[in-house]
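Next up is one chain by itself, shown in structure tokens, the form predicted alone.
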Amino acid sequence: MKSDIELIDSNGKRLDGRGPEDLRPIKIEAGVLHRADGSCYLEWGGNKVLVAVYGPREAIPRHSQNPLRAIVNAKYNMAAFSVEDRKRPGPDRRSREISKVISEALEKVILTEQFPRAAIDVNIEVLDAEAGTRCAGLTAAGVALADAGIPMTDIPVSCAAGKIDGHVVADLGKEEDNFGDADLPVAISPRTDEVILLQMDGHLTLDEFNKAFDLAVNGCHVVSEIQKKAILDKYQSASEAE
């Protein structure tokens, strides 16, 4: 579906005033839920995401246990009130697909072999949705896992890029996501740049894909620094309170 809206002008300015490489404002807070083993609240543009981590704990039912490693159960859910047209409550095909790809991405960084027969539950609740909710959810999940003290090779982080009006840009906003030409969500392990999630919706040439991929990875590194600061801030404030 095409729009009559000009998504990017001749000066490279987008609808919200950002340049092609700029990310939306991001705020991350770790340890917001006291009854979870680890938690995170994230705001990314108009997205508001809350993540709670429980475990490692014994996987139930027992037939689901893996004797060699923990299983990672990420459950992504959009609240019924998170979008303008009220969403039907409960999981749908899209949320099940995103839950699966986030679970697989997190398994690549969590040291699951340290916890045989266990389960690590990652509950991702999208309270307010704008665009890029899977990137926001995975990024918040990385902070919540670190807050829970789950051993990982790195804190996973995600960012997207895409194409609007023929221009490759980072971190699509709502109108850009709705009326743009392509969307490329990427998640990495920032220490090594190993790709742990890569999806694409729309059409990109090889050159456009490479440019979008580089923009997304650069965005991941920017967000990674915000993740680290959120975790440090939590433990610094905890130590000052003692």
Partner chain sequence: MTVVPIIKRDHICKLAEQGKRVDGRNFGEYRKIEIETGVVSKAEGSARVKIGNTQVMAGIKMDVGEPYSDSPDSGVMTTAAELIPLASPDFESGPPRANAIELARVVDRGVRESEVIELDKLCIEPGEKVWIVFIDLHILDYDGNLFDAASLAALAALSTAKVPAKRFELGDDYPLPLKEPPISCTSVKFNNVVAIDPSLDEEEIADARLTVATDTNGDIRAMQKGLNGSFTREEIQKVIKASIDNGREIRKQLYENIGK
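Not measured: the values here are computed from a predicted model. Positions refer to the first chain, counted from 1.
Heads up, the form predicted together with the partner chain isn't pictured, but that's what we're talking about next.
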Is D214 one of the residues lying within 4.5 Å of the partner chain in the predicted bound form, judged by heavy atom distances?
-> yes
Decide whether I155 counts as a contact residue for the partner chain in the predicted bound form under a heavy atom distance cut-off of 4.5 Å.
-> no
D165 within 4.5 Å of the partner chain in the predicted bound form, heavy atoms | no
Give a yes or no for I26: in the predicted bound form, does one of its heavy atoms lie within 4.5 Å of a heavy atom belonging to the partner chain?
-> no
In the predicted bound form, does each residue in the set A118, E175 and V222 place a non-hydrogen atom within 4.5 angstroms of the partner chain?
-> no
Sequence-ordered list of residues in 142-171 near the partner chain in the predicted bound form, where near means a heavy atom within 4.5 Å | none
